[in-house]
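Form predicted alone, single chain, as structure tokens, below.
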Amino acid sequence: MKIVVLPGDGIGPETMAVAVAVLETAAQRFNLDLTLEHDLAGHASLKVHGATVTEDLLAKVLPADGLMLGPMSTYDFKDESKGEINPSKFFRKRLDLFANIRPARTFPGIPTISRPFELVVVRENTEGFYADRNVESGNSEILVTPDVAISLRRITRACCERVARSAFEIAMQRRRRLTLVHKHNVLKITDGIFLDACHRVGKDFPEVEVDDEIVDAMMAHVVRNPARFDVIVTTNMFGDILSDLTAELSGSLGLGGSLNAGANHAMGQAAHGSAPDIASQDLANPFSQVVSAAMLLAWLSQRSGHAQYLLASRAIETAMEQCIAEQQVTRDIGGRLGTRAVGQALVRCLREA
């Protein structure tokens, strides 16, 4: 197995260094035939290659078994004609990574405002309100006059059906409960297609209990009682906002890993941004990047049938739980350690687990 590693911007090199150390330790302990190939994206690539991502990089990623992408300074990248391409969007589109899977859970010892919970948000990743992935050329925001703008939302039955199927498959591995999140009372046509597609796919999964919530009410329900939910599926922008909320409810966005998955490719990616204000200060929480790496190993196991990759994934999660229980964590979740020290603690726990 080969995984391409792109450290990213801001805190990315620091958190990715921890994820790489954990992957290398897991490979040694579980005899994984795993190769990590390092390359550049984001500001580092822009400086060296004149573009944040290149076709040569894509040519390396396409035959690989997986991709680890560090946080990127996407807000800085405004002009694609100058090579300022959003790397996350680039890989999601070019690799057709249609499902963004974002688990969130509480941990004993980390203060939260909610009761204990464990859930997964499955977010459609390739269309919706995101103007940069809705049309073939350019984007779908239109400036009609200097004071009037229009933004288009694309929803297709095919994209809704495939992300729904991913969500149902995840629900079958968990508590067999799925919540559809929408705004059908206002977006009657587009969310009508989304709901219809989900219910059609649901006929193939009669064991899964299905309900639905309007997105604004859903936010209130998740804050009040997140333990009520198991797997949640929704469209792109709703899922982006909702998954940040659930990650923060777990104690910190720094705990929120994510996997961008398609039929043939997958990309582990921390759910947070590049946090340039704390870059190079040994303050960043590496757990989000580490959880994403563990999720990628689990996906590789499912795709290849090699059980040791799943065992390695679970061992990484157990090591993270042990570090949290021992308060070997960064300041954002009540600890006193820096990024590097947390990485060392994770490696120790992984070796001993």
Ligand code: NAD
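Owing to the predicted nature of the structure, the values given are computational and were not obtained by experimental measurement. Throughout, we count residues from 1 along the sequence that is shown.
Below, we refer to the form predicted together with the named molecule, which is not included among the displayed structures.
When the named molecule is considered in the model of the complex, Ala19 lies well away from it, no heavy atom lying within 4.5 Å.
Using a 4.5 angstroms threshold between heavy atoms, Ile170 stays clear of the named molecule in the model of the complex. When contacts are judged by a 4.5 Å heavy atom cut-off, Ile11 counts as touching the named molecule in the model of the complex. Although the partner is absent here, Thr74 sits close enough that one of its heavy atoms falls within 4.5 Å of the named molecule in the model of the complex.
Stretch 266-274 is the contacting one of 190-198, 266-274, 138-146, 158-166, since its residues have non-hydrogen atoms within 4.5 Å of the named molecule in the model of the complex. Between the named molecule and the residues Ser288, Ser301, Ser45, Ser313, the one pair within 4.5 Å by heavy atoms in the model of the complex involves Ser288.
When you look in the model of the complex, the only residue of Thr246, Asn134, Ser88, Asn236 with a non-hydrogen atom within 4.5 Å of the named molecule is Ser88.
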